[in-house]
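The form predicted alone is given below as one chain in structure tokens.
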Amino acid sequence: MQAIKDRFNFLFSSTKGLILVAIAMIGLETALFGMLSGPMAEFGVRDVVVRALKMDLVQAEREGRIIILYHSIAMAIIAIETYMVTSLLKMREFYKTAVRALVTVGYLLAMIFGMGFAYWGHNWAFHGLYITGLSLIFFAGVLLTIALWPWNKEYYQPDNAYSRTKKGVDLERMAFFATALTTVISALFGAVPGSYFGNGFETFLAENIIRYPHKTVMEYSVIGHLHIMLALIGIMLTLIIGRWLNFKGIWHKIAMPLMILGTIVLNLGVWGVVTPLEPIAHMIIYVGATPSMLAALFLLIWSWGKLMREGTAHLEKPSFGQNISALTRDPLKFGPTWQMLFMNFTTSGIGIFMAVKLDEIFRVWPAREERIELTGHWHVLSAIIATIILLYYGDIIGLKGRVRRWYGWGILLLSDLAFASVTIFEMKRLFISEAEQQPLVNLLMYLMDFGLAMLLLLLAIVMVWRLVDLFKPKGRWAEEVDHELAAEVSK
């Protein structure tokens, strides 16, 4: 009994255990429901899975199922970021414990019962538990926002190497606070339309109504919710990575005010979509996105400079090759900021280009092509966020040596191969005609499927390793618990 209790405490009390459970749940859900995708349907896998698991799939309800699937995964990602924030920033023990408990119960309820409702018949008790899970996560967000209040003197920043006001208010903590607060508010953008389901408002996928000449306030609200929540998850992860790497110095002092400004203006632009400001809302969004992206760029500049300096400290005048070798020596420290840079070529830059040339280029294309671009854009951004989380997780569990390099480079190379293939597929109409596209499309599909399949296989290997370790009396899990307890005592 004590052995079970010890393992339960590791999985649901420690930061590493909580993150492990959430990653495992996301991995299982992605692997299982990925079997229902288009490529798997072509191979006949989809039909086998549906029959074996006795899923109840009505084609007319496809949009509703996909929305619940997306929300289930997103809630687990939010839970992971919440665990990271509560472990990296000082806060009262009550808030830390309450927030973790609420978000854990919340995402598990949303994921288990939401998917049960969507794919195995419509048991409305399951739907009620799904909504309960979402509500608990919302309340956890409210408590986290309170816990992050930056004007509490207990959390003032005494070190001038970090961004702070003259009175000592920690601007990095203020950025975390602004992100948490706007996330809670922006969650309502989805909750309000969701409350109208069955009362004249029907489920839809945002990419399916892009060319409607007129959209309702509810439709604009859902589209705004989709964009801003994904952006805020990315902003929060950028702040987490900066905290983890101990971002400081002049770049930190410039980046934090920009991140706060960008977060606030970006949200104001999205909220403006459902107000009379709608005609200029996108311009406000562009203005808000720019400072946030600059802050991420400054983190990259500082991080890469630090890695090169530390890796060549024994050399008087390191060459360009030696600097690059030092930069890429540790994929888990190099990877997160590289993915942020790579994101500009696969999502951010493509999105800005599409917005600028929307009427001139993209609206001239068949609607299917524009829909492909939008769908790929959102999926790649979400997946890049997931890879950064996996790199962070690999470091905090203490991977070392060859295992650390294989794990880190495996994630980076496999994911970037898939994401680059998706990006070329999205934009193929810029450089190839429909009549000549099939050989290119076939190649891109093979590369995309290979990259994602191998990435999932790598994740599965890690999860099996952790599962086997969990059955050992004195496995790595026990060391991680002891290390975390020691770290808490030393604070």
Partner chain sequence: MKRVISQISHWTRTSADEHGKKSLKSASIRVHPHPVVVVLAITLFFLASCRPVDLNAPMPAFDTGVNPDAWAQIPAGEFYYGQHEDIENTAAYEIMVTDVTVGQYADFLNVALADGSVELVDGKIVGYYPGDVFRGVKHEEKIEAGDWLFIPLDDPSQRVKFDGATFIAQPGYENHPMTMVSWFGAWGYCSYYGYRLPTEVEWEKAARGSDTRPFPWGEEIARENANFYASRDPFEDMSSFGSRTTPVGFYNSNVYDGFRTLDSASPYGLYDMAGNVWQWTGDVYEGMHVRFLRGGSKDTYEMDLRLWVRNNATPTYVSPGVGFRCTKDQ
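Just so you know, these numbers come straight off a predicted model, no measurement behind them. Positions refer to the first chain, counted from 1.
What follows is about the form predicted in complex with the partner chain, which we do not show.
The candidate spot formed by E42, L358 and A367 is fully in contact with the partner chain in the predicted bound form: every one of the three has a heavy atom within 4.5 Å. Of the candidates L28, V441, M463, M454, V441 is the one whose heavy atoms come within 4.5 Å of the partner chain in the predicted bound form; the others do not. This chain lacks the partner; the member of H377, K306, R371, R100 within 4.5 angstroms of the partner chain in the predicted bound form by a non-hydrogen atom is R371. At least one heavy atom of A60 is located within 4.5 Å of the partner chain in the predicted bound form.
By the criterion of a heavy atom within 4.5 Å, R46 is counted among the residues contacting the partner chain in the predicted bound form.
Using a 4.5 angstroms threshold between heavy atoms, E202 counts as touching the partner chain in the predicted bound form.
Remark: A435 counts among the residues lining the partner chain in the predicted bound form, judged by a heavy atom distance of 4.5 Å or less. Stretch 212-220 is the answer when you ask which of 127-135, 252-260, 232-240, 212-220 has residues with heavy atoms within 4.5 Å of the partner chain in the predicted bound form.
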